[in-house]
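Quick setup: one chain, the form predicted on its own, written in structure tokens, and binding and motion questions come after.
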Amino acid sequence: MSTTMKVAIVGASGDTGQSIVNALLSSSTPKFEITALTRPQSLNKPTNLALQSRGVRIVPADLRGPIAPLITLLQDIDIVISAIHFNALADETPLADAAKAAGVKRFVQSALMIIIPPRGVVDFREKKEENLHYIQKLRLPYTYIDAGWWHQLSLPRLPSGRVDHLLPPAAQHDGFPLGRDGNVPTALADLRDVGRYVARIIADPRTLNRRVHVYNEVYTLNRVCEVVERVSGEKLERRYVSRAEARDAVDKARMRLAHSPGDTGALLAHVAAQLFYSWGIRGDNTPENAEYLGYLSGKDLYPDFEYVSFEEYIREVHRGEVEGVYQSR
């Protein structure tokens, strides 16, 4: 493959997409030419205009429209990366069809999540697995990438409220729920590093047609609290959640969603409850489980990778040097 790789990305304006774009633009070996596919009505959004000013080619694409224009857009593209929202995963099917017809060399679907069993725990994980099966049916070259639970989503609310502006709206509450006894391990990664991992993986022939797990460190939530308390000087309220309580929260969220299927708040509450049950109670999000499920390890592939540690992130928070995620949702 040439030293310049042509990448098309869907979802470039989202939090994950921005991390990937930042990493691809910063890469020197290889260099990447980036095309961002966006909905026609979003062409002139400030986020897209900002990407364009940085050298990203912005093109309108309707994933739910005729496939022929999409195939044309993907001609000469080496890699397609999907970073679309979990609620739009059905759009990956026509994107995969077009990528196959256009001769794309690698398709990276919208995985980029924690390690979750393929079925029976988190609903949207089942859709991602279904999409992977579809990609394999097409014999479209692929890489399935999962990254750790973000540092940016592991920030507890401080009693002083001085980090509230960094928290997603749903997290701006008193207390910090810890699964079981707070000692359930989970693999963490800084959002800024996720894109840097992706840039390494998509240029690596060893990862073609494989699942890859990348993360920075493994923490328990007790340890998260200890680091935050030490750096901030504030004492956190710790609310321990039993398996039964977490399971009940999932059931209640599912019932709420069933009664209001079009309610975005109900959908997000259901997803949040399922994810917490997976990583905070079951302990699914670990390197050991990833190995069991057949993932390649980013630690083995890229032992030289220099990542942002969780404590370093918290010190950046304390110094006022970071931004929040999911602020508009």
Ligand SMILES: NC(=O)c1ccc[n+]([C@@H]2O[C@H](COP(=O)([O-])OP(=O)(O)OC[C@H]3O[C@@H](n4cnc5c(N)ncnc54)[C@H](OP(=O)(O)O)[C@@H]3O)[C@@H](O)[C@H]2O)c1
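The numbering used is simple: start at 1 and walk along the sequence shown. Bear in mind that the values here come from a model prediction, so they are computed numbers and not experimental data.
As for the form predicted in complex with the named molecule, it is not shown, yet the points below apply to it.
Proximity of Pro168, Val231 and Val322 to the named molecule in the predicted complex is absent: no residue of the three has a non-hydrogen atom within 4.5 angstroms. Comment: the named molecule is not present in this chain, but in the predicted complex one of Arg200, Lys128, Arg211, Arg180 has a heavy atom within 4.5 Å of it, namely Lys128. Proximity to the named molecule in the predicted complex, defined as a heavy atom within 4.5 Å, singles out one entry of Tyr219, Phe176, Tyr144, Phe124, which is Phe124. Looking at 23 to 31, 41 to 49, 290 to 298, 65 to 73, the stretch with residues near the named molecule in the predicted complex, meaning non-hydrogen atoms within 4.5 angstroms, turns out to be 41 to 49. The closest heavy atom approach of Ala88 to the named molecule in the predicted complex falls within 4.5 Å. In the predicted complex, at least one heavy atom of Ile84 sits within 4.5 Å of a heavy atom of the named molecule. Contact between Leu153 and the named molecule in the predicted complex is found at the 4.5 Å heavy atom cutoff.
Contact annotation for Trp149: at least one heavy atom lies within 4.5 Å of the named molecule in the predicted complex.
For the stretch 111 to 134, the set of residues having any non-hydrogen atom within 4.5 angstroms of the named molecule in the predicted complex comprises Ala111, Leu112, Met113, Ile114, Phe124, Lys128, in sequence order.
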